[in-house]
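Starting off, we have a lone chain in the form predicted alone, written out as structure tokens.
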């Protein structure tokens, strides 16, 4: 399905729409409607259940979205958080350099200097996307952070956080106390981040305000023990730098046991496997559409020692797109904040060594992954539009229909309330014929529908207090006792968790 067709469907279903749509919309900003809000929260809950389930020493916090200037100066964002920008000298429109060069350099411009990008623009006579003239300037660095006048006088400077990770680094000294002064220590956060994108595009993929889910794992690089034996037989779809240098774009499947090395330590592989499994087993992305894309020395972020992006092939956007990543950041973050704050952020290990903890970051774009759920799972099945959302992510778990409004409506409403009290997200619908109601629920990703008919309510019926339960994907229908309904639906829609959580390593 093309992106504009998919976007139209999501707007119509109340999933999302442009911010300030009444005034023509605001570029790079989107609002979520009832269905989208519920789906977004369900994705966040699934991420928390999976990644916090990897260890009893991983915790979730919330952090402020405004950061003092000293923080982003120490983190390197004032200096390095830039994108190359080209400006048309004729119409003065501004664009990201990778956007105007994407046809001749689809891998992006990471690692190229402004002069090299400028040479490519001139040599290929790249025209301005707006006015069509070949008058684009040599790129300049554009810092993407939103600055704020802070305080009553407005003389202090602050910034909207460009990533949620900084909140976890700032919280480390306090969390060290909460976590009983032992490593590893995981600090997770789900929240908003803000980037003043030069040219927001591709809907939820280049936004100016977006939601990230990130887990920062602070650890001792000499003593980060993980149950690596539990994942050695897993095979991963890897697109490594060496394969890319030969012009290959498709991944190769590699056993984890064959990847163990100093370059890919066990702690990195273990969390990379569980990131891949989250996409395959929880988000239900077909494995043939997933690849783990290795970033080279020149491509990866300035703070990373190892970086694999998890990419998914999205038909609506024309190829593989980054949805998450695993970053080994070394001791960069705590060293920078220790220097910037003048505080000693080193810790004493169990064996008496004093170290600055290293960081492994698992990052996940919530908005991007919501779009991926639409791209991957929405399709046509004959005459109906079907959104095969994984049942565990479904915003509405069951639709409840009276076959006849007057005769069965009271029973159906009482059942809807009963299911809601039991923890099932149920939606009552009496409008139109049963076929149209099924179609609405199929399009909204609802995995189950329940119909109340004459047999359900008849005093002398052998089917008294049983309902018809319909499965969205197979369209099979079963007669189910009313008392068994909630348990059956909750079991089918339960959030998956990783098969093994490592025990706590902190001292008692």
Ligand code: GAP
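Numbering follows the first chain given and starts at 1. This is a predicted model, so every value here is computed, not measured.
The form predicted in complex with the ligand is left out here; the points below concern that form.
Contact annotation for residue 195: at least one heavy atom lies within 4.5 Å of the ligand in the predicted complex. In the predicted complex, the ligand lies within 4.5 Å of some heavy atom of residue 361. The shortest heavy atom separation between residue 388 and the ligand in the predicted complex exceeds 4.5 Å. Contact annotation for residue 426: none of its heavy atoms lies within 4.5 Å of the ligand in the predicted complex. The candidate stretches are 349-357, 208-216, 268-276, 234-242, and the one lying within 4.5 Å of the ligand in the predicted complex by heavy atoms is 208-216. Contact check at 4.5 Å (heavy atoms) against the ligand in the predicted complex: all three of 165, 303 and 324 pass. Proximity to the ligand in the predicted complex, defined as a heavy atom within 4.5 Å, holds among 365, 402, 84, 184 only for 365. Among the residues 204, 312, 101, 393, the one placing a heavy atom within 4.5 Å of the ligand in the predicted complex is 204.
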